[in-house]
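Just one chain follows, in the form predicted alone, and it is written as structure tokens.
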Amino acid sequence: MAAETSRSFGKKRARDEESVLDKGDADGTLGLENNLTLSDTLIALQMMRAQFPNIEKVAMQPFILRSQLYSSVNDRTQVDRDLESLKEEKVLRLFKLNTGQDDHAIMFLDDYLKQVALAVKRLEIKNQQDIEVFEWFKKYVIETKLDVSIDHQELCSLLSCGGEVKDKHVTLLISAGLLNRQLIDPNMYWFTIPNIGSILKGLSQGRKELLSFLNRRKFKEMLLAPLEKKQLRFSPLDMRFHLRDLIGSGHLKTVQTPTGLLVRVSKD
């Protein structure tokens, strides 16, 4: 049902999406300067999904940061409304990231389900009765609970629609990286993207590296076109990913000049 909803919703914008992707966005041939600002949240999401970097040694489906959307769609209130609608339509899910900041990741539901399947496969569970909890999770929890968190009682209640719930079932979901206990309240869980831990570390390091690089420059600025081509040493994510993130979060700002778009460190 969710996949059908996703496809039907996508058809409404198919012509617009094709016009964007046909320009070279899918393979990253079009520079960020040419597609930094967009007017449609779904088109922006589709484009950023297509541009998600290929990360070596980590099996990860594409995800988009909410801050990256803010860098592309000027009306942040509209972005939040669109995300809520797309979430209710079960086109995508939102996740609170464990970065120490107010970071949220967005993942298309189909991609998230692929990531869940990879996580279950990695556990190499032999007992069929243990594997069942993941089907319960997909059918009864993911389908009905659209928030970024869930409490223990509601989790067990939803899982029990599939069968008898035991403590080991919740432990398996945590081990697979589907849930993470909240430090403030152990009875609450964050929904999490499996296998994202090392990427989050790279996200934080890449942010610091890029800001440090610009802060060392005389005027704390650089033209976007040459900056986008630079390689980061400490992040598996590419420069385009980090530029969108830091522009959207307000750490960087852009200024139009006769020679092109300039990226500048925002004043505190």
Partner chain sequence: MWKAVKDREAGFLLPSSFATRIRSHRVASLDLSNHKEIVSPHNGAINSLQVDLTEERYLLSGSSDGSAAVYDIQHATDYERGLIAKHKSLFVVDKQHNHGHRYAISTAVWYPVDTGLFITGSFDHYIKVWDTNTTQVVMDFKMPGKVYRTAMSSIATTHMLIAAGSTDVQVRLCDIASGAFTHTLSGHRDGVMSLEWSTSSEWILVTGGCDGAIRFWDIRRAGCFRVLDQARSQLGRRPLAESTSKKGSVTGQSSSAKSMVSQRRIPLGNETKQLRALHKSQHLPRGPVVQRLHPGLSSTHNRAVAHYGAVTGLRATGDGMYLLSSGSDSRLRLWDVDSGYNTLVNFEAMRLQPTKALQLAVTQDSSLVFVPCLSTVKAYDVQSGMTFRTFCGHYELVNCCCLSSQDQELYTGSNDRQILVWSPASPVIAEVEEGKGGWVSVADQDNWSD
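All values reported here derive from a predicted model rather than from experimental measurement. Positions refer to the first chain, counted from 1.
Note that the form predicted together with the partner chain isn't included here; everything after this is about it.
Inset, instruction - Just give me the single entry in D130, D80, E135, D110 that has a non-hydrogen atom within 4.5 angstroms of the partner chain in the predicted bound form. - result: Spelling it out, the residue with a heavy atom inside the cut-off is D80.
Legend entry - Contacting member of A105, I125, V148, V91, with respect to the partner chain in the predicted bound form [4.5 Å, heavy atom]: None of the other options qualify; the answer is V148.
Inset, instruction - Answer yes or no: in the predicted bound form, does the partner chain come within 4.5 Å of a heavy atom in every one of E154, L158 and R181? - result: Every residue of the candidate spot has a heavy atom within 4.5 Å of the partner chain in the predicted bound form.
Legend entry - Y70 within 4.5 Å of the partner chain in the predicted bound form, heavy atoms: Yes, Y70 is a contact residue.
Legend entry - is_contact(Y189, the partner chain) in the predicted bound form, heavy atom dist at most 4.5 Å: Because a heavy atom of Y189 falls inside 4.5 Å of the partner chain in the predicted bound form, the answer is yes.
Inset, instruction - Examine T254 and determine whether its closest non-hydrogen atom to the partner chain in the predicted bound form is within 4.5 angstroms. - result: No, T254 stays farther than 4.5 Å from the partner chain in the predicted bound form.
Legend entry - Close approach of G250 to the partner chain in the predicted bound form, 4.5 Å, heavy atom: Yes, G250 sits close enough to the partner chain in the predicted bound form that at least one of its heavy atoms falls within 4.5 Å.
Legend entry - Partner contacts for 64-85, taking the partner chain in the predicted bound form and a 4.5 Å heavy atom cut-off: Result: R66, Y70, D75, R76, T77, D80, R81, E84, S85.
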